[in-house]
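Here we start with a single chain on its own, the form predicted alone, put down as structure tokens.
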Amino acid sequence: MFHSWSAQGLIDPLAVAGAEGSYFWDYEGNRYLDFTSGLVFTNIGYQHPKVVAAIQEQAAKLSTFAPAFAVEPRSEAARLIAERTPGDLDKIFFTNGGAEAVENAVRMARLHTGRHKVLAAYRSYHGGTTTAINLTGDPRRWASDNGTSGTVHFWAPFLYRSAFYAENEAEECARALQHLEDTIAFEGPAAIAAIVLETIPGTAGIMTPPPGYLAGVREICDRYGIVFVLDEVMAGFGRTGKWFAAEHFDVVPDLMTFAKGVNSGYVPLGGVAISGAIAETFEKRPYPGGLTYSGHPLACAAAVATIQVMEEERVVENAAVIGETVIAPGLRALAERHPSIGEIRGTGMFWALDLVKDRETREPLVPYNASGEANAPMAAFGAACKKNGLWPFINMNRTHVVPPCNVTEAEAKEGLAALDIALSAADEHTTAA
């Protein structure tokens, strides 16, 4: 195996023997509560019997077929997704994952507008393919960014580490919107095809935008004829306690990308939900894009079964309730005991702990993009989590709490208890130690 995002000689991947629900285990019998949901995609946990059965049934009936044809699971998956997307995002273009969804959303925006530039935020992740990685606003972009993609980055709001010296959410929102307006003015409004934002940024830190920000971006896009793209690859399908995170802000984009939770990652699937206006652009004009496995029958059968399970078992509601009644108060209690916790932020099953050396200065527990010895405090924290049966999601100076959306109250409390123990390892590296 050649592993992604890794120095091949410096890694020792865990050999996984099996998984079920919120847990997985290795060949030595060590069992872990998965607070990562894979890569934040097993929204209904591992090996849900109804989804496994649906894949098996579809494999026996029609295991694959070319994307130009209408086949039942493909059509039904599109219908079920379109029923849940906000506004008029009623046309579904299927891809094999989130990065391809972003690639095609940008292509649609460029063809629809006849413009080329695309604006995206720092502190973001949109995928590893050419356009998506250039849109990305974290260090994974650096090795592939030659400055020729037509992408321009700007600062989105993040009050805890404000780029605008704001003191409250209202100031952060207003100044971030003004910064975006200024960026558009200096880049040339008539040159900009799209603004691409994660509705709630995921890997970059789960920074919920302040009230009014996304509505303000929507208004700016309307004023300049810019396509508004929301990336819901990680935040969608129940992760935030709503079917889509955009519902929290009462905002409808022109294009919305999805993947991951659409079928809990059981078979690779992603897509773009398309508004009526952009769909009309390609009513008589061919769309110049496609994928060999677009809308793969096995992936779509898994999506149909996953959405049905989420409805029947009230998975989205569970994410909201457990998030509000167990995770949120549990994390606040941890913050009272652990000086390494600088800020808690999130909603549903989508939370981040911003770990710091000093609460007053907000200095991160490890430097930006730290590796090796500089990353030792976070490595110690991660090792302590695993020792206590918790598999953590760690990115830079943060740990994310992102268990399956159907996690039980008992499982959530088990994870919080393991975090409580592990955070003592982080505390040792604070100024309070």
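Don't overthink the numbering: it's just position in the shown sequence, from 1. Predicted model only: the values in this text are computed from it and were never measured.
Only in words, not in the display: the form predicted together with a small molecule, which the text now covers.
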- prompt: Does the small molecule get within 4.5 angstroms of any non-hydrogen atom of V233 in the model of the complex?
  reply: yes
- request: With heavy atoms only and a cut-off of 4.5 Å, decide whether I322 touches the small molecule in the model of the complex.
  value: no
query: Should P253 be counted as a contact of the small molecule in the model of the complex, where contact means heavy atoms within 4.5 Å?
result: no
message: in the model of the complex, does R239 come within 4.5 Å of the small molecule, counting heavy atoms only?
response: no
message: At 4.5 Å between heavy atoms, only one of the stretches 336-344, 286-294, 120-128, 150-158 reaches the small molecule in the model of the complex; which one is it?
response: 120-128
message: Only one of M207, A99, A246, V304 gets a heavy atom within 4.5 Å of the small molecule in the model of the complex. Which one?
response: A99
